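What follows is a single chain, given as C-alpha cells, in the form predicted on its own.
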Amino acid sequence: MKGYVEKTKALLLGDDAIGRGAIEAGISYASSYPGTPATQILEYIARNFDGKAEWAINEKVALETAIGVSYTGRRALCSMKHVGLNVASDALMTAAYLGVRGGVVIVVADDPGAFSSQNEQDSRYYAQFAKIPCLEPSDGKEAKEMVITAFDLSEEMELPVIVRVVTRICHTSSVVEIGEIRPQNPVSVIKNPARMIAVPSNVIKCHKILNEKQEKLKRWSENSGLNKIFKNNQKKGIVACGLGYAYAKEYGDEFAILKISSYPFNEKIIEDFVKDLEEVWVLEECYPFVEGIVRRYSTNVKGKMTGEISPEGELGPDVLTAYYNGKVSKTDPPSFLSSLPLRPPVMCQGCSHRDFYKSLIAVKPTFTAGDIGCYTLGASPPLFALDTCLCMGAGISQAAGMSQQGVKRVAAVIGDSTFLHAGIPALISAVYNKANILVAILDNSSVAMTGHQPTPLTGITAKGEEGGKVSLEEICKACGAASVTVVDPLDHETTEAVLKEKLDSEGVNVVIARRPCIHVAKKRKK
C-alpha cells in the first residue's frame, strides 16, 4: 500500500478503519499487545502495511518501542485496550514530559459493559493525568480521520496523543473514505539529552514546558472544529461525548446537542451551550468525566452523578427513553439488548484446559489463584476451579502472598502469553522470597482468547513471518524455579501425579501443561 490511492469508499470495521487511518497518516511502525476490543487494529495493519507491525510482549514495551521509533523522526501507532494503558502508563507519564519527535498516537479501546474486561475504566482520565490531548470519535469514519489528525497534532505539539474509542466503535462497521497515503517521514536521529533523559534537573524544566502547552492545546481544540454546538432554540440539551453523539442523534431535533470530541477544551463552550437551557443531559461512556464540568455551569444537569443514567454498563441508543414521557421522538429507538439471551463465554469444545482442570481439581489444592485468559473460564460452572482473577500476572503474586502467611498447597494458574506479559517478574519474586507454591503454565501456543495471535514461544511474528523463538522451560529455569516439568494435559494420570507431587514440594515448582489450542491444532492440520 504505497503511494497515492484514488479516493473511494469502503465498509470497514471500526478497528480496521483505525488501522487504515494510521497507514494513511504515514506511519513507519505499529505495535500492540492483543486485547479485545483493540486486537484487530494491529492485525489490519499487519495485513495491509509493508512496514513494521509487531506484537509486543506487553503494552509497556509496545509504547516504549513506539517512542523509540519517534526518536528517529518517524510516526508510530501503539494500540491497546484500556487495562493495557495501566501497564503502559509508566512510560506514558514521562513521555509527556520529554515529548516526542515523530508523531506517536496511542489508540485506547475502553470497554463499557466489561464485555471482555475486568473493569470499565475511562482512559480520558489518563490523558488528563498525563496532560496530553485526547480525541474521541463517535463512529468508525471519524475514528479513521481522527487518527490522521492525531498524528499531525502529535508532531505539532511534540506530545503523544490518545485516541479513545469504545467497544461499539471497534466492533461495528462504518462507511469510510479510502484516501491518499502520506509518505513516511525520513529517518533523522538527533541527540537531545535535555529532552530525552528523565533526571530531576531535566524534568522540572520539561514539566514547565508541558504546563505551558495546556493553553495551546485548548486553542487547538477550539480551532479544530471537533467540538460543535447544534442548537436551534431548543429548551433541552445534550452534551454528547464520542459515541454519545450517535445516541444523542436518536432523539431527532428535540434536543440541542454539544458534541465533544477533543480534550482538553476551553470550558467556555460548555458555558455558552447550557445558557438558557432548562435541562441538560450528559451522555458519555464510562465515567462522568465531562458531566462534572457541565455541573459548574448549570444547576439543571442530569446524568450519572445524580443517577438518572446508570454509572455502570453501556449507554445504549435508548438511554433517555424512560425520561421522555415514554416517547422520545416520532420513531422510538430500539430497546437496547433487552431481548437478547445471556450468553456467558465457555471453554471451546475439545479445549485441553478442561482436562488440566479436572486433574487439578482431583489433587485438591487449598487455594488456586487464577489469571487473565481463556483458562479464566475454569472459574465458571461446572469446574469452579479458580478462586481469583485480578489482572495480568497477578495469580503467581497472590499465591506467593498466601504462601508467605503459611497457607500450604497453593496453586497459581497462568497462560503462556500472560506469563510472558507479566508473570516472569512475579515468578522471580516468588523464587527470591522463598514461596512454596505450584505455578501451572497452560501453554496452548497462542494468545487464544483474542483470536490466536502468535507469541515469542511460537517464533511467528504479527505478519506471519519467522521471528526469534524463546523457550518457556529455559525462562522458568533461569528464574530459579525449583523444578520445571512439562505434561500433556490429556494424560490425566501423569498430570495428576505431577500436580500432587509439586503441590506437596518445597519451593516454587513450575508445571507446564502443553497442548496447542484446539483451533490452532485444526489450522495446523489443514
Ligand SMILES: Cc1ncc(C[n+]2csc(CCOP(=O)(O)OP(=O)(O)O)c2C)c(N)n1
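All values derive from a computational prediction rather than experimental measurement. We number the residues from 1 along the sequence you see.
If you look for the form predicted in complex with the named molecule, you will not find it shown, but the lines that follow are about it.
In the predicted bound form, do Glu59, Met392 and Ser446 all put a heavy atom within 4.5 Å of the named molecule? Yes.
Would you kindly say which of Arg124, Arg75, Lys144, His353 lies with a heavy atom within 4.5 Å of the named molecule in the predicted bound form? The option sitting close enough to the partner is His353.
Sort through Ala248, Leu159, Val87, Leu135 and report the residue having a heavy atom within 4.5 Å of the named molecule in the predicted bound form. None of the other options qualify; the answer is Val87.
So in the predicted bound form, is the named molecule close enough to Thr418 to count as touching (4.5 Å, heavy atoms)? So Thr418 counts as contacting the named molecule.
Although the named molecule is absent from this view, report whether Arg168 comes within 4.5 Å of it in the predicted bound form, heavy atoms only. It does not: once the named molecule is placed as it appears in the predicted bound form, Arg168 has no heavy atom within 4.5 Å of it.
Can Cys374 be called a contact residue for the named molecule in the predicted bound form at 4.5 Å between heavy atoms? Judged by the heavy-atom cut-off of 4.5 Å, Cys374 is in contact with the named molecule in the predicted bound form.
Residue-level contact is defined here as any heavy atom of the residue lying within 4.5 Å of the named molecule in the predicted bound form; does Gln234 satisfy this criterion? Flag for Gln234 set to no.
Quick check for you: of 172-180, 268-276, 289-297, 449-457, which stretch puts a non-hydrogen atom within 4.5 Å of the named molecule in the predicted bound form? Result of the contact check: 449-457.
Pull the contact list for 10-45: residues with a heavy atom within 4.5 Å of the named molecule in the predicted bound form, in sequence order. In sequence order, Tyr33, Pro34, Gly35 come within 4.5 Å of the partner.
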